[in-house]
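A lone chain, given as structure tokens: the form predicted on its own.
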């Protein structure tokens, strides 16, 4: 097995290939997988398959550590979900979990071995002030005290400034939509909220519908401009669509929902890279119908070479000399999609002037 950047993709398809690697292969693989935020997933995968003891002892130390960390983070997320539920019980607001926290609460395969940095939730915009006050009373507060930062989040973005707990130091991102208010695309948050699914007998703890869950991840990856976790996000979506594909008419619903929410563009790129990198089984009819959809924005032939360099592990062994430029261009594109020029230019100038102070 070569030490190139294809080793992660081949191991995702067949984890047994890892057992044939020598120590030099493992050395590079661990650095690549850690940079892609996927090492814990591989470690838990090998443990669950009963293969961890077949790994060389020097390597097993790293993988066992990743398993312990993944298990601990899962327990922390479960605990935080319970704390958030308790905080919001008094105001009787539905709590919709997003991304990793949703995968954990719904016991989805995408949660296995996944690493977490925060808990993302979606609440009705009309209830934001109540939600923030309730969370504040239970110890969460905004660390961004700068007046411009507060204005940036509250006036233009799809979330309020991140909230950190004053004792546990855990972070909540409170969303009222899945894309910024100033973005050219406008997925209706009310449509998302009305299609959510309860995860237990308490109807107030909910997750997005299967199609919306995939589309939210697709929008986050291909519209946001940040690609450090791009391969991990693709692996998440691969796990999601493989799991949901057994549901009747899932693929038809996914396409129709993407058009309804104006997210067929991100879905196109998602399906393309799921098939190309992870071999995800996707109906040919869906691919054809997405191919026939208007691209919108920049032509796909311009964006593909940039995405090709952005959705792999961001390790020097996986990148060519154009990778940094490609990621920077996509970062600029993400900001351009997020805000009109009359807001974007002053915002970027302000960020560049603040960078030396350590706030960038």
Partner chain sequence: MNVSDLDDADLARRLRQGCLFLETGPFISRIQTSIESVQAGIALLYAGFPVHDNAPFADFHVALTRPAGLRRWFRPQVNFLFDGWTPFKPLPLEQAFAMFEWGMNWCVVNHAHKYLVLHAAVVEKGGRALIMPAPPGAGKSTLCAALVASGWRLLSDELAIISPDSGQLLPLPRPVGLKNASIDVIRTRYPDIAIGQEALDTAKGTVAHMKPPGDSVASQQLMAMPGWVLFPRYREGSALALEPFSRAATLSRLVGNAFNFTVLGRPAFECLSRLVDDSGCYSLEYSSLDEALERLDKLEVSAS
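Residue numbers count along the first chain shown, from 1. Every value quoted in this text rests on a predicted model; they were computed, and no experiment measured them.
Omitted here: the form predicted together with its partner chain. The next part is about that form.
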property: Contact label in the predicted complex: residue 275 to its partner chain, heavy atom within 4.5 Å; result: no
property: In the predicted complex, residue 75 touching its partner chain (heavy atom, 4.5 Å); result: yes
property: Its partner chain contact in the predicted complex: residue 51, any heavy atom under 4.5 Å; result: no
property: In the predicted complex, residue 58 touching its partner chain (heavy atom, 4.5 Å); result: yes
property: Segment assignment from 328 to 336, 304 to 312, 63 to 71, 43 to 51: heavy atom within 4.5 Å of its partner chain in the predicted complex; result: 63 to 71
property: Neighbours of its partner chain in the predicted complex among 8 to 41 [non-hydrogen atom within 4.5 angstroms]; result: 23, 24, 26, 27, 30, 31, 34, 35
